[in-house]
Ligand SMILES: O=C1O[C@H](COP(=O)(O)O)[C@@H](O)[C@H](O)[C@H]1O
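Form predicted alone, single chain, as structure tokens, below.
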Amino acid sequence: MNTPQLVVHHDKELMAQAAAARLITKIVDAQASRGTASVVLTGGRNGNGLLAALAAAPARDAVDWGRLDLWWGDERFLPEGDPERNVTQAREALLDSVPLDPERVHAMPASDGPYGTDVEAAAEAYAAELAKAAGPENHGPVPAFDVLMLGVGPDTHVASLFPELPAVRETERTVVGVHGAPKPPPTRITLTLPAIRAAREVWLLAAGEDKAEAAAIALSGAGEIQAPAAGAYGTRRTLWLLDSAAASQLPRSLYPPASP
């Protein structure tokens, strides 16, 4: 586990714009190095805010969108096209406005898809899709994602890994179905911590006063079962991107001395 790095921005708009610029750079660098890039998207207001900022960024055209693989950290198990699905919101914010290769957009199954309402079968299918995409160089059942982004919930949940629930305790499977999530809808699909930790870089996004306590708990040595955000880290880098409101309860020892 590497020590998390923190960047604190003045407000959520600046955070979204800076994160979008940072993501463009990472994608371009990965494509220059290996020809392709892989990114795991997150939903929620901060994830969608970043995608909207990326859509508006002039530098977005530096990305070769046809050589980008997109995955999701979690999904609400709802019918295809439901406005609450993360992929629906991502398409509206960004994906429909850039020339992606549809074969490289790996949406999680919907509840009216080939697996019907069997969320466990849908989760197993997504795990199989990840395993198929993982090359020998990845040394595991998921690709070594270039960037995996996670929103942080007020209860410290990330993806659909909620405190104390079975999914956050999973140590073997890479994708699981979630039942009884405390945040609606109750049925979801999520990557597990082992899958998240395969990413080269994990970025945790938190903006707003309602995220301040969660950020402070997760960054102050809490256990991952009680605070799932504390268990999310990358193989090379773990980056917390916050606005000043979300950082307001951090101990001064953690607060970066020179943040934008």
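In case it trips you up, residue 1 is the first one in the sequence shown, and so on. Since this is a predicted model, take the numbers as computed values, not measurements.
Form predicted in complex with the named molecule: not shown, discussed below.
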Does Gly43 reach the named molecule in the predicted bound form if we count a contact as any heavy atom within 4.5 Å?
-> yes
Report yes if any heavy atom of Ala167 sits within 4.5 Å of a heavy atom of the named molecule in the predicted bound form; otherwise report no.
-> no
Any non-hydrogen atom of Lys183 within 4.5 angstroms of the named molecule in the predicted bound form | yes
Answer with yes or no whether Leu148 is in contact with the named molecule in the predicted bound form, where contact means some heavy atom within 4.5 Å.
-> no
Please name which of the stretches 153-161, 167-175, 91-99, 140-148 has residues with heavy atoms lying within 4.5 Å of the named molecule in the predicted bound form.
-> 153-161
Since the partner is left out here, which residues of 59-81 would have a heavy atom within 4.5 Å of the named molecule in the predicted bound form?
-> Asp74, Arg76
